[in-house]
Ligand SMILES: Nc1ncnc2c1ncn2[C@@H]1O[C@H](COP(=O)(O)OP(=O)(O)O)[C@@H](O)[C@H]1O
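Just one chain follows, in the form predicted on its own, and it is written as structure tokens.
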């Protein structure tokens, strides 16, 4: 199987302006009519060589709490490309005194999707800041979350690969309810010890807690939206609105589906293997 074709990259600066411009166009028209790049169709994805640093444009998909940020961040360090998480952008805006903060707080605390208008605005601002620092390439986490967003993104740049992380809902719920954040450094930890027995042909899943170091342990808080009611609502919305995005990329031969077999120590090397990335000399990326 041939490797994924690579269409000439759009610069971060151009991508930022194109996203904003394309979104403005969609607001004026009832139908999206964006330029669709041509690429080769594949029945499956096999990356034959390690991507050059800074020369990838990847997207991470998956249910809330599955670990998109964790694995996208590790791959960001591994490959030397920026990890851009729209969830982080939303939380940064929430913690600011900006005009969107109060509107976002109500939306997030109810487990609803942030509007396309706000997400596009925050993403464009982040891309512009990255351009100013000389960034190229990216791993997107949390965008696109709707077909409309996927079509906008497809119209302005070529995504090389879409990694779809999957985990049983029982484990997802436990992970979200066990998540804790250090109010000082912002890092995520987890107090849940997940031990789900295999049944009906499904393998068992075991995940150790991810404890905080001594300096963070007294400063851990639970996110306001990490309640059972809100998490279940986020999952419902994901299945309704975001799962079609999986089919969008699957039909284009760009979707790599990865079932997480357990916690980070077990899943990380297997994810690298699935991506055909040589990790023997980069084990520190999993530390």
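Residue numbers count along the first chain shown, from 1. Since this is a predicted model, take the numbers as computed values, not measurements.
Here the subject shifts to the form predicted together with the named molecule, a form of this protein not shown in this document.
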### Query
Using heavy atoms and a 4.5 Å limit, would one call residue 241 a contact residue for the named molecule in the predicted bound form?
no
### Message
Considering non-hydrogen atoms and a 4.5 Å limit, does the named molecule approach residue 78 in the predicted bound form?
### Response
no
#### Entry: Distance check, residue 90 to the named molecule in the predicted bound form, heavy atom within 4.5 Å
yes
### Task
Although the named molecule is absent from this view, report whether residue 68 comes within 4.5 Å of it in the predicted bound form, heavy atoms only.
yes
### Query
What stretch, of 136-144, 166-174, 192-200, 207-215, brings heavy atoms to within 4.5 Å of the named molecule in the predicted bound form?
136-144
### Query
Of 72, 108, 150, 127, which one comes within 4.5 Å of the named molecule in the predicted bound form, counting heavy atoms only?
108
### Query
Which pick from 113, 100, 182, 161 sits with a heavy atom within 4.5 Å of the named molecule in the predicted bound form?
113
### Query
Within 194-226, which residues come within 4.5 Å of the named molecule in the predicted bound form, counting heavy atoms only?
223, 225
